[in-house]
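Coming up is one lone chain in structure tokens, specifically the form predicted on its own.
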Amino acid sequence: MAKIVFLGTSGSTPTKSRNLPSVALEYEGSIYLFDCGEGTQRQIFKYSLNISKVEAIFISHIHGDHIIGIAGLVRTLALNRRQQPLYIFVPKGYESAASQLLSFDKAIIGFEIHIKPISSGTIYKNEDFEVRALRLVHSVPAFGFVFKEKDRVRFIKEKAAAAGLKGSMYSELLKNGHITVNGKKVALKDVTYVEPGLKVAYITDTRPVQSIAIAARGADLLIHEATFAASEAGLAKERKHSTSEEAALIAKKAKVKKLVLMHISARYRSTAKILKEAKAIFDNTYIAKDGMAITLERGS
């Protein structure tokens, strides 16, 4: 199970109801942040997340509205006497953008901070999941991220019982791929199925490109920027952002289960138009609000 909490959903500047971009993904007791706009630490407290559980921060690009919040967050962690390491991922070549945000407080930081360069491909993984990065098209080097839980092999109870599997036979079959039971060979594929792991794609500050649809294919959740309404398509192209319709087309091509739009320009007091435009193309679309939470479970 994974819980996604939208900490900030505005684009470029905050509004009364929207903080700057940041999304928290809570999984197995740890929190992974995607972008860290100014005020993110306060949003973490406001929406009842445990700041000490933040394990890694994935920064899409070095524009201030996506990265400045690191300074305050790290300072709070230090004052809370954090001990475990923190990993911060930034586009390759821009590591100093993160380190400079931390330099003024080095005296009180008593834990390791590992600033890691991002390039395309797998950038973080453990025994349960991996995070892959894909290059986006923005005014500075930018990356999107795909969280992918590992697939699991599940036994089909009826077929396993009919094959005579018992006790340690299950682990032996998983290890070897086949086993002989009562003189009959049983293959793993004959009594199991693969349960896909959860998949969440986070895509912000980009023009729509085919590689996004490929990377996000079949995702349980696609979080995609919709900085502008369709009527501002020219401005979106000029500033290398996406419109509501363009985000919805990506979701449709990728055949995702759910689309949530964020990074909404502060020019829009109402998001009704943006939502209507997107839903006309991809019906299962929602507009993110600060504090909005989505729980995802395998097979749901």
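Bear in mind the structure is a predicted one, so any value in this text is a computation, not a measurement. Numbering starts at 1 and runs along the sequence shown.
Beyond what is shown, the protein has a form predicted together with a further copy of the same chain; the following relates to that form.
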(message) Looking at heavy atoms inside 4.5 Å, which stretch does a further copy of the same chain contact in the predicted complex, given the options 257 to 265, 64 to 72, 243 to 251, 270 to 278?
(response) 64 to 72
(request) Find out whether any non-hydrogen atom of Thr40 is located within 4.5 angstroms of a further copy of the same chain in the predicted complex, and reply yes or no. (result) yes
(message) Please tell me whether any heavy atom belonging to Ser120 falls inside 4.5 Å of a heavy atom of a further copy of the same chain, as the geometry stands in the predicted complex.
(response) no
(request) Indicate whether Val191 is a 4.5 Å heavy atom neighbour of a further copy of the same chain in the predicted complex. (result) no
(message) Whether Thr76 contacts a further copy of the same chain in the predicted complex should be assessed with a 4.5 Å heavy atom distance threshold; does it?
(response) yes
(request) Note which of Arg152, Lys125, Lys185, Arg81 lies within 4.5 Å of a further copy of the same chain in the predicted complex, where distance is taken over heavy atoms; exactly one does. (result) Arg81
(message) Can you work out which of Leu136, Leu221, Leu101, Ile179 has a heavy atom no more than 4.5 Å from a further copy of the same chain in the predicted complex?
(response) Leu101
(request) Can you tell me which bits of 1 to 19 touch a further copy of the same chain in the predicted complex, meaning any heavy atom within 4.5 Å? (result) Ser12, Thr13, Pro14, Thr15, Lys16, Ser17, Arg18, Asn19
